[in-house]
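Coming up is one lone chain in structure tokens, specifically the form predicted alone.
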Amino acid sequence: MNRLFCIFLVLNILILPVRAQDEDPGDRPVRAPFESGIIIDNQTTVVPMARTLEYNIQHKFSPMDNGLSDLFGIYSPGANMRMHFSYVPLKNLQVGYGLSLHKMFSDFSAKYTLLEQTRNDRIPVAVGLYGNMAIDGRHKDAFGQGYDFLNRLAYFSQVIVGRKFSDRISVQANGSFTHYNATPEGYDRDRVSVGVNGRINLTFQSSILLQYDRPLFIEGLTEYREEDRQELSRPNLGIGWEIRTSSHVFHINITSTKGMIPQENAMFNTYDFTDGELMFGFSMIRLWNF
């Protein structure tokens, strides 16, 4: 965690002076590199305008591998869902709270846009920081012997770099660090992962969304010998369709993970998209400005 803090500190030292320079009033940020603050399972660099309240509901069904017998997982038990509220108290800063069905995770989050891409490319990319702390809300019996409240906590932090290449295409990449205070035997407590997301606009109101996240094995972070270590979490592949209205954004997607918070996907995803282990999901985002 100390190494990650140092990285973020260096980024702030290097980037914030650039932001503090006198801005050309004719060089405004690019318009809507992404339509909302989320893209399938990931965050974007976008933070709504100040004094905006955002409500997001996410739902994922069970795996599709039973075919028509359960309507490709839609009527199968074991769905996961999450409700999330966030608010923008200051320009470029968003804070929020979410509650997930799986493990009854409560997550407290913050996102800050360090840089916004400008229309004349004086600043060629957008840069954002995102982090959350999640609290496992299950009964203490789920944690076995030696229960401690701190064992419920899991953390996630991420650097996001994005660029709008044209009116049709936006792409972003991210690097993430996950930490669990406690994990089952054989699972490391720390994980680094990388990812990429993209949006392709089809019409004024609809887009195709793409997502790929990959956990990395780093020898210096592992706590177990190879023969004692559980298999690394599987990569997450997703594709979605975005539909926009004046006040709502809808996502219909297919992904290879069932988690609703990013640290669960980075640490414990067991679904393999190469074996067809995919599931339907959807999101609805509603914005209010006060």
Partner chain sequence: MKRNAFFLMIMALATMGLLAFVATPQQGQKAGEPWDIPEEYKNMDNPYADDASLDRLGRGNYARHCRSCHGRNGEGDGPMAAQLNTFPGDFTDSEWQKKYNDGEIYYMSIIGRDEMPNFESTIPDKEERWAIVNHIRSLEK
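Residue numbers count along the first chain shown, from 1. Keep in mind that what you see is a predicted model, and the values were worked out from it rather than measured.
One more form of this protein exists, namely the form predicted in complex with the partner chain; it is left out here, but the text below deals with it.
D167 belongs to the set of residues with a heavy atom inside 4.5 Å of the partner chain in the predicted bound form.
Although the partner is absent here, K91 lies well away from the partner chain in the predicted bound form, with no heavy atom inside 4.5 Å. Proximity of R119 to the partner chain in the predicted bound form falls within the 4.5 Å heavy atom cutoff. Residue contact check for R225: none of its heavy atoms lie within 4.5 Å of the partner chain in the predicted bound form. Taking a 4.5 Å heavy atom cutoff to the partner chain in the predicted bound form, the contact residue among I252, L221, I57, M49 is M49. For the partner chain in the predicted bound form, the listed stretch (28-36, 64-72, 258-266, 229-237) containing residues with heavy atoms inside 4.5 Å is 28-36. Residues F204, Q205 are the members of 198-218 with a non-hydrogen atom no more than 4.5 angstroms from the partner chain in the predicted bound form.
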